[in-house]
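Take a look at this one chain, the form predicted alone, written out in structure tokens.
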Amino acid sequence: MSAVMITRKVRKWEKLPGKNTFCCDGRVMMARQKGVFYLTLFLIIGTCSLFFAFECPYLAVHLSPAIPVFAALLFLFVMAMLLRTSFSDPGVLPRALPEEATFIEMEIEAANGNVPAGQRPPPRIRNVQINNQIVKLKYCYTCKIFRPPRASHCSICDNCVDRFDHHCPWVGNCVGKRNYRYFYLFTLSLSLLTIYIFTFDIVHVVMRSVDNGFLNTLKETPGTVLEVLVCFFTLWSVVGLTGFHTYLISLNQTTNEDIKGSWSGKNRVQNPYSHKNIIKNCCEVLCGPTYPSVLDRRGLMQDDSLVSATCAAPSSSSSSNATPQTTKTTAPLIPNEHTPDDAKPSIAASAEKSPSPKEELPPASKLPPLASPETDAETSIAKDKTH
């Protein structure tokens, strides 16, 4: 048995740490917990299907054919914003390489000096100035980096996300720098769609009740009753969520900063990212540039893997007369980037002490001839002839 190192090219998303799932060769990125996201799809698609099946035919004839057309356009926009939020990179920051992490550790140790035994080392914080305001950059012990301003580590996805807002289970992904505007447009359009369906459900019931009565109408349209119940209970949460994020956008804050009270008046710290103008804050958040992903998920990288191989010695035709020979081959261990630093000196020492296969085997010319019954008989016959 011998180990053979095989180098092959793989996509970077296959080796990315964290708790994310990827589809379509790394183009789709989501969290591993997607059960609530499927529930969101079921509620939206199910409610709209009932509306198109029961209410739209009646309303298109008795009111206007534009009602189902506008509902279809609003439904498509809601689904597009939902999928855009769920399937995109929220702004995940790459983790530090081993060399970078070692360099950062050396910098921290040099800055802190020798800490006496029994004392807690000082916090790993760097201060930067943004708009004449001191902002602290915290060190992430998982990613081995100093997080940029407004970034935070998501415990569910196990990644640092730039301008982290929150982890939303309803969309099955984190909400951050790269998909926040799509999340807000999703909640806003979903609120309009819910109000739209709920309103025309009531109109449908009222118009039918004029001819058939209220109770008979409820018995004839069970789908409408189900839609009214779903829309009534989801309306308050969706509209409330949209209003809360509208308030945050007007102040240029995130949900994470609002919960922690980062820019509250208690700390006497002003928000350095706010323009002190609602219109400017909304334009920056909703109309700002689209930032590219820094992960390069579909980029190529080399992956070194060890594969065990079995080597069998070839057998000759005269195997019955030949003495079996065993050959011992040893290959030196070569440390690579996955080898721990503690094991590299021992590997190098063992490689120097171990002799090569050529030094172990004596030369073939110095080996004594092998004795066999046939050669002994031929030797005795030759001696008799000479005598």
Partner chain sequence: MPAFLLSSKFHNLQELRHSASLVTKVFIQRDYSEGTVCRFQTKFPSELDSRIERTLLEETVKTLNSYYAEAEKIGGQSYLEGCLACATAYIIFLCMETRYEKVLRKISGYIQEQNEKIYAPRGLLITDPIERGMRVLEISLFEDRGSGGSSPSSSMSSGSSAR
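Numbering follows the first chain given and starts at 1. The structure presented is a predicted model; accordingly, all values stated were derived computationally and were not measured.
Missing here is the form predicted together with the partner chain; even so, the following discussion is about that form.
Partner proximity in the model of the complex, defined as non-hydrogen atoms within 4.5 angstroms of the partner chain, places exactly one of 228-236, 287-295, 165-173, 213-221 at the interface: 287-295.
Not one of T21, C24 and L192 places a heavy atom within 4.5 Å of the partner chain in the model of the complex. The partner chain is not drawn, but in the model of the complex it has a heavy atom within 4.5 Å of P148. In the model of the complex, at least one heavy atom of M81 sits within 4.5 Å of a heavy atom of the partner chain. Mapping the unseen interface onto this chain, F77 counts among the residues with a heavy atom inside 4.5 Å of the partner chain in the model of the complex. Contact annotation: M106 falls within 4.5 Å of the partner chain in the model of the complex, judged by heavy atom distances.
Checked against the partner chain in the model of the complex, the residues A111, V269, C283, V206 give one hit for a heavy atom within 4.5 Å, which is C283. Among the residues R124, R95, H245, H153, the one placing a heavy atom within 4.5 Å of the partner chain in the model of the complex is R95. Counting a residue when any of its non-hydrogen atoms is within 4.5 Å of the partner chain in the model of the complex, the hits in 175-196 run R181, Y182, L185.
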